[in-house]
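Only one chain is shown below, in structure tokens, and it's the form predicted on its own.
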């Protein structure tokens, strides 16, 4: 298919652009295969380049010969185009609709994007499983790398290399895979060096109504326990949902077969419930007619902060089991690709100082989201504005980023990165020039040959000129476990995401710049103090030598 077939009117003059915090601009609108571009001849006017894949929905209005297209973006921005001529307006609207809903992944922009910057490091090879395993292997010999999924034959949503207990061979892993949803047998997610306890994750066991069991699965799960120790299984579904899953062939671990494990059920919502929550929240944030009562009631009705609380509470529970109880844990829900990953990754941010650095956080996203098989292509296909809701869309990753922001806000000096990194990841998960978030798992990315045909997001982010934008000036390395408060009073609406197009951040930006300047000035003064102290010490030494006979 040629993009030209979808572009009925490639260019229109005298189009007026309205967008948040900018004056209206008149210019020429151009449509390309991947971008909507508006350029003006006015001096110092910034061009608009909008990826079609960032467009969530469009509305059309007509007043006489003038047509208006309202574009609602996946990053929650709303822009308006006033287009002279009804035919041109209709043509532009239908072209945008066609270009923003392309079925084929290989027609998306990452396959056509050619970077204008020098690639210093290949992001596709920045976070390999072997490198991550080296961090653990120095502390323990109880785990090994398994290549059992080398051809994605055992589990289509797992990476080719996984970390498993040393005592379990590959043949046993194949048997366990047939007993777990989607073939997702238990694998290592995190090793707590302080006490040797671990977090494992998996899909639900396929016990069914007959109470089916798998001795290899029991052996694998028990291989993570120390002598005389108990473990915890955290099921991210409420008990009644887990029991209902048995009727569909799923289920949960029976106490009789896993006697050393205590099962805890938590309730983390998924799928359409989260999507509806996001839609209600964005609608509330965009409504400028609120009085205080109405705003607070709509915020509460969205349930967004309730979901944040549920996820953070479960992550804190997981971290507590490891660090305070000295117990290993296994986490799963149904598939093990959504709420499971939210909990495992947030528990690591609480427990592991490295996960709070830029490189460590990127490694966490790569390991616990991309390689672990979170279906980004399905979950992020649409955002808060799209009308044609399908079953698979859900802001699971955005909720995770929001939870990270809540912890960052409570511990502003413990993170090497700032909220700009979180916002950037949200934007690129939904629409990007990079191939990192394409596909639903490593198997799909391998078939699409993303490493050969597209650029990694990390190749761009990790350049020094970009890293400076994402670096937290308040950062002071903190090697302790950090325990966030999950009390309702402690959780706030993430204004940097949900209100950034509704109110100007000019004064906040100015305050941030002033803070950076103060910190830099403080460092300069500290350096001068150190020099003066050295000089004083040298003078005192010289005086002492002169006084001695």
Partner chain sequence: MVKYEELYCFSFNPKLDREEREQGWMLIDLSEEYKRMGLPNNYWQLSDVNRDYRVCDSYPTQLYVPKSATAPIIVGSSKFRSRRRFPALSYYYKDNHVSICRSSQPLSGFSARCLEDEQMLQAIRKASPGSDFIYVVDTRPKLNAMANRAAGKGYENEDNYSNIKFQFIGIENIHVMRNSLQKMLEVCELKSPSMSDFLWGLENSGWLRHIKAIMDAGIFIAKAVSEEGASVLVHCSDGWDRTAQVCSVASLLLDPHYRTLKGFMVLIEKDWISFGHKFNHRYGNLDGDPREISPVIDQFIECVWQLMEQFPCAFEFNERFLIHIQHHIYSCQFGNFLCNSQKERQELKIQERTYSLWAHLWKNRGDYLNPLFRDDSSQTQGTLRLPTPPCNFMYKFWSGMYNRFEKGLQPRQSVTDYLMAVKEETQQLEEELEALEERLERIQKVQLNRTQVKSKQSEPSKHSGFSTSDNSTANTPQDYSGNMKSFPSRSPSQGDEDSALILTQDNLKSSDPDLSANSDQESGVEDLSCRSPSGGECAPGEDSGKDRDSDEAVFLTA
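Predicted model only: the values in this text are computed from it and were never measured. Residue numbers count along the first chain shown, from 1. Whichever C-alpha set is largest while still superposing within 1.5 Å between the two forms counts as the rigid core.
Missing here is the form predicted together with its partner chain; even so, the following discussion is about that form.
The three marked residues, 116, 120 and 428, fail to reach its partner chain in the predicted complex, with no heavy atom of any inside 4.5 Å. Heavy atoms within 4.5 Å of its partner chain in the predicted complex are found in exactly one of 357 to 365, 242 to 250, 304 to 312, 453 to 461, that being 304 to 312. Contact between residue 388 and its partner chain in the predicted complex is not found at the 4.5 Å heavy atom cutoff. A residue is said to contact a partner when one of its heavy atoms sits within 4.5 Å of a partner heavy atom; residue 153 fails this definition for its partner chain in the predicted complex, lying far away. Interface residue remark: residue 490 is counted as part of the site for its partner chain in the predicted complex, having a heavy atom within 4.5 Å.
Residue contact with its partner chain in the predicted complex: residue 474 places a heavy atom within 4.5 Å of it.
Here is the short version: of 467, 413, 98, 128, the single residue with a heavy atom within 4.5 Å of its partner chain in the predicted complex is 413. Note on the partner interface in the predicted complex: the residue among 392, 147, 112, 295 having a heavy atom within 4.5 angstroms of its partner chain is 295. In the predicted complex, 262, 264, 266 are the residues of 251 to 270 with at least one heavy atom within 4.5 Å of its partner chain, listed from first to last. The rigid-core alignment places the CA of residue 523 2 Å or more apart between this form and the one not shown. Comparing the forms between this form and the one not shown on their rigid core, the Cα displacement of residue 24 stays under 2 Å.
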